[in-house]
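Next up: just one chain, as structure tokens, the form predicted alone.
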């Protein structure tokens, strides 16, 4: 089967790696310097160019998997619906608009933090009085995992909120925002594989959003993850209820859904609250989940896509830890252009790397994912950090506390 994967990050590399292990022909659009070893890269500069390529070469595609949210929000699934494992652009608003998502949750009784939507700077000054610190502000549009601000000082929250709305805080991101109550608990990532008839959950994972150890520093797209996370039966029932309410709500609004649906959850006294929806696989969760059982993952996607429901569940007989090696200045202003060297063997998924003068160089904030697989979490963690120690480039850094929960 010819599988086209849209995107250039570690998540896309991991998806392609799983399909390649199962004997499929893998094409990355555009891919990166690291995906060259897994499949064939098809050069592409923009989402619109990718859409044009899909139209022109549709007969060469058996399955199309958009990795990142931009492709889905901008309607890739509207072009090649039968072959695309992703929702169309309208249900993709669950991720593309935080305001849409929060109002949707409220309409259908889906547990989430108390919130207010903000459309103007005046509204921000007025509505923030209804909250207490820590203040949580979320950009309405897509922000590449960087659109959440958590601060303790009200004036700082107002200042940063206004800058966010004006497009001065994150390049290319402006507009409304959501004010959320701060929820205290443990984060959990739940991802479902959804066909037209039924869904099945992937193994649960935990990711680490802050840039530095002990959850310090700015929010990022994710600095590492581990899987599988074991949960109580009551918690599982709560997560399944959220998924059923979500899909039922979409149906009531005349919308169908096929693809991955990610729930970013906060566990509060064992009860799951939805922090956010993503309409694709999480990153870096994908890099930790897929190595558990790549064959099972591929079978789930193929059966959900072409038969309407996943026919198997992934095995959870090992543990996987993923450590992200990032570039100095990430997430706001990562340095680029430095040569990347990996000295030794290991399992690596490449992200922010490109090819220049025959060398692999840094081209983004999250550069390489070092992955460890073990019989237990301790062994997996040791292997992941051994792999991370073999990745070298000027300004490289990574968190040292990924998956230290049982140490």
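For clarity, every value in this text was computed on a predicted model and none was experimentally measured. Numbering follows the first chain given and starts at 1.
The same protein also exists as the form predicted together with ligand AMP; that form is not shown, yet it is the one meant from here on.
Contact with ligand AMP in the predicted bound form, judged by any heavy atom within 4.5 Å, is made by just one of 255, 312, 79, 150: 150.
Checked against ligand AMP in the predicted bound form, the candidates 116, 200, 187, 240 yield a single residue with a heavy atom inside 4.5 Å, and that residue is 187. Although the partner is absent from this view, residue 180 contacts ligand AMP in the predicted bound form, with a non-hydrogen atom inside 4.5 angstroms. Proximity of residue 136 to ligand AMP in the predicted bound form: non-hydrogen atoms within 4.5 Å are present. At the 4.5 Å threshold, heavy atoms of residue 276 reach ligand AMP in the predicted bound form. Among heavy atoms of residue 292, none comes within 4.5 Å of ligand AMP in the predicted bound form.
Taken together, the three residues 98, 209 and 266 all lie with some non-hydrogen atom within 4.5 angstroms of ligand AMP in the predicted bound form. Residues with any non-hydrogen atom within 4.5 angstroms of ligand AMP in the predicted bound form fall in just one of 299-307, 142-150, 169-177, 227-235: 142-150.
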